[in-house]
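One chain follows as structure tokens, the form predicted alone.
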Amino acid sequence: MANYPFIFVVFAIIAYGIAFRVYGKWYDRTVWKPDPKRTTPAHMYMDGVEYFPVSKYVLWGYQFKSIAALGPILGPFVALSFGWLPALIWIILGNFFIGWLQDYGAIMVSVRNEGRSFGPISYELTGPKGRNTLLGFLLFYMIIISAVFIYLVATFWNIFPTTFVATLGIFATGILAGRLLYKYRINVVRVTILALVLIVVSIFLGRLLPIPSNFLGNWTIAFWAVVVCGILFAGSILPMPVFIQPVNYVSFFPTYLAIILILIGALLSPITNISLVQASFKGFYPDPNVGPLWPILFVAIACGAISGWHSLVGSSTTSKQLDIETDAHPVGAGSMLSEGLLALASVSCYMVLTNDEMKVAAEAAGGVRNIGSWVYGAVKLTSAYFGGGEAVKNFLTTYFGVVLVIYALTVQALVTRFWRLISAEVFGQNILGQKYPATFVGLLIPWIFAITGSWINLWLYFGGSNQLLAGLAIMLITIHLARVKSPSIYTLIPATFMIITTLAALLWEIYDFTRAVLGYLGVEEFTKFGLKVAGPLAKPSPDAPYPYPTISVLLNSVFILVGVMLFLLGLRMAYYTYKAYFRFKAEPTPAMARESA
């Protein structure tokens, strides 16, 4: 059994069960002490638009689909540079001690503060300077995450020719479902059944109507990125019930089914005889293009163990829909641990591929090893118990390729919408704070980054900023707990670890981009490092010159500046959060204050 993914999947599922049922329940009773009789903001300010109570089962599905993206899917491949064992350990321990505490805590902090998001909460806890610093950090953070997801979706459509039409079909299904549910009031069960049928039809249509790869040559990725931005623009400006809500609802079914199918394949691996073939540990610094195990591993797996994005979703939307306080634990902790299962499924996909199979997957995916390997590994694990025929493998290849697109697009639609809302808060009545210009700028800048940046460096920038946001979010949770005199040590330690680790990772990435630019400019110590670009500006072959070297140098220099800004804003925000924490910690409890008086 030890040579199969079976044993590790079983161990991780047991660990997650203990985190939810044992540690989670104890923490719930000890720290937050939720009261089912306390009125939540969903009831207090119910308007049927933003504030409204939702069943915990429905809210769990919404929370999961709003947080689960490509972090737990593609991040483990980068972490595989160190071996699958470090990745597996971080996915399990990160979730157990940090991830779900942040997701649950973000919801509860907002609920206990009248449903306010982290912007106004940070103002109250850290002052106007802390709040402004956090908002500035969020703008840079969202540029990076948008660049990563725009590039990846464009790449998915290019390397999996059958996925574009299928994606359009599923999104159209979501919009149709929204109309049937909200305008015509048709029963949700009937609408769901219809949506499931149309999802299958969409996948078959994708196979019948493939779009050729590289049909525009080097500019194909740039074209697909424009199409992505068009969809995201619509998602940002249209009302939630028209686009994002129904599309996310419909998308939940194929994306969560993918997790179940892969994990079933891993559990059946002793029967299907699919064994572990990747190295368990490759060293602390095996690849200079990736970096050292610490801090890079902890930002490479973005979202699979912990994610700052989750705190934005929990505090900005989920908290406003919580029916009773006791629902926060199953919704927040349950959805995070479910995303941990997605990361576990992804590691299983990579564990079972030989190096030769990864090369074949890379060739099939246009040289992009991580994307091709996830789909190839998922097909290998699942087709083994579906009969293994070519027709089955072809259908599953399209299906898992579409799943990648949906995971990215549905969450990125929320990111773009949040960018618009935060821009309005930062810039006010200025043109950059207005609905359409803010959305346009929030997509144009990431589009430029997406088609000119190295994927792995964009990914690690995203991971570093995302995990730093997680550390800052946990600190805000810790400050609230210190203010109300609840135990805060269980969040203070994880917050400190994440802040130090992610600041170090950002420094590494700044150094990495700097040495690439200096190497291209001919600085002797760095001449072995080339520019880090992708898309139309990349080399057509390893020995070819860059087609637009001046632009490439300038854009890589911009990446250096973005990294410096992220680092400085994160460091400044950390200062304000720790300052506020120690201030509240030093304040006497109400009982002590009365005695001293």
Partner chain sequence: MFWKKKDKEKEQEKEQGSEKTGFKKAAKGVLYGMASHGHVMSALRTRMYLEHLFMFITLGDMLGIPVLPPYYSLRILPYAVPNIKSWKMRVFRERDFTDAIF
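Numbering follows the first chain given and starts at 1. Since the structure is predicted, the reported quantities are computational estimates derived from the model, not experimental observations. C-alpha atoms forming the largest set that superposes within 1.5 Å between two forms make up the rigid core.
The form predicted together with its partner chain is left out here; the points below concern that form.
- Heavy atoms within 4.5 Å of its partner chain in the model of the complex belong, among the stretches 84 to 92, 161 to 169, 476 to 484, 252 to 260, to residues of 252 to 260.
- The contact with its partner chain in the model of the complex, taken as any heavy atom within 4.5 Å, belongs to 58 out of 551, 571, 58, 544.
- Residue 422 is the only one of 108, 422, 517, 379 with a heavy atom lying within 4.5 Å of its partner chain in the model of the complex.
- Residue contact with its partner chain in the model of the complex: residue 51 places a heavy atom within 4.5 Å of it.
- With a 4.5 Å cutoff on heavy atoms, residue 35 does not count as touching its partner chain in the model of the complex; it lies far away.
- Within this chain, residue 98 is remote from the site of its partner chain in the model of the complex, having no heavy atom within 4.5 Å.
- In the model of the complex, its partner chain sits within 4.5 Å of a heavy atom of residue 64.
- In the model of the complex, its partner chain lies within 4.5 angstroms of at least one heavy atom of each of the following residues of 97 to 120: 117, 118, 119, 120, in sequence order.
- After superposing the rigid core, the C-alpha of residue 555 moves by less than 2 Å between the shown form and the other one.
- Once both forms are overlaid on the rigid core, the distance between the two CA positions of residue 437 between the shown form and the other one is under 2 angstroms.
- Residue 571: CA moves less than 2 Å between the shown form and the other one after rigid-core fitting.
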